[in-house]
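The chain below stands alone and is given as structure tokens, in the form predicted on its own.
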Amino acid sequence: MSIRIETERLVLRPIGPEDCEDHIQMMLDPAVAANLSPTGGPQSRHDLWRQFASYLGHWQMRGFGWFSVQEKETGAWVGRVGPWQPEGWPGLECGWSIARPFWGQGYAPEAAIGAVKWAFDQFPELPRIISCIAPANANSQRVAAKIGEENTGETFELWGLTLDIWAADREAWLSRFG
């Protein structure tokens, strides 16, 4: 795919097979997996490979999905960010997962703003973007606030967990981040 989103320090492109090992290594990190897996910790390589294959399939089935995030300067794989909406999801979500060596550098909000702008451009009828965040995931809550989302009080049940739905309305978001 020829989609390429550039931010000040990052390049976002559709996640591809070449990103599988980087993704698996990121998700094997207990700190990263803590809020992103059904077990609250790393899953097996087998399960992570299958998860990654579903991300590739999402692009095929929906025409959008996770972007790989890379540093412009070094080309290093930073993580994944982007819009996705698997079957049964409560709305089009912008999610983010950043590999721990890149935490604390502001990459998640920078990439997420680029991904949300792309999603609103692609889907002009989309009234809002959401993020499903575990109540204990303070880091993701801070990212959500930085990208203009607010906790709506709505929830989503996933893997027996209750996730908070954060959202940004299209018009308010575009007036802020345009």
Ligand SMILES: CC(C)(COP(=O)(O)OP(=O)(O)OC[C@H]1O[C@@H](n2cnc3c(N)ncnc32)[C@H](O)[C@@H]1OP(=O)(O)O)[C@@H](O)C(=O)NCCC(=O)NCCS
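In this text, all values refer to a predicted model and were calculated from it rather than measured experimentally. From 1 onward, residues are counted along the sequence shown.
Only in words, not in the display: the form predicted together with the ligand, which the text now covers.
Report task. Consider Ala112 of the chain shown here, and say whether it contacts the ligand in the model of the complex, taking contact as heavy atoms within 4.5 Å. Result -> No, Ala112 sits far enough from the ligand in the model of the complex that none of its heavy atoms falls within 4.5 Å.
Query raised in the report: Wondering, does Leu92 line up within 4.5 Å of the ligand in the model of the complex on heavy atoms?
Result: Contact check for Leu92: no, nothing within 4.5 Å of the ligand in the model of the complex.
**Report entry** Proximity of Asn35 to the ligand in the model of the complex, heavy atoms at 4.5 Å
**Finding:** Output for Asn35 is yes: heavy atoms within 4.5 Å of the ligand.
Query raised in the report: Going by a heavy atom distance of 4.5 Å, is Lys72 a contact of the ligand in the model of the complex?
Result: So Lys72 does not count as contacting the ligand.
Query raised in the report: Since exactly one of Ala136, Leu126, Ala31, Ala53 fits, which has a heavy atom within 4.5 Å of the ligand in the model of the complex?
Result: Selected option: Ala31.
**Report entry** Whether Lys117, Ile130 and Ala168 all lie within 4.5 angstroms of the ligand in the model of the complex by heavy atom
**Finding:** None of them does, since no heavy atom lies within 4.5 Å of the partner.
Query raised in the report: Any idea which of 118-126, 56-64, 39-47, 137-145 reaches within 4.5 Å of the ligand in the model of the complex, heavy atoms considered?
Result: Only one stretch qualifies here: 137-145.
Query raised in the report: Taking the ligand in the model of the complex, which residues along 103-137 bring a heavy atom to within 4.5 Å of it?
Result: Contacting residues: Trp103, Gly104, Gln105, Gly106, Tyr107, Ala108, Pro109, Cys132, Ile133, Asn137.
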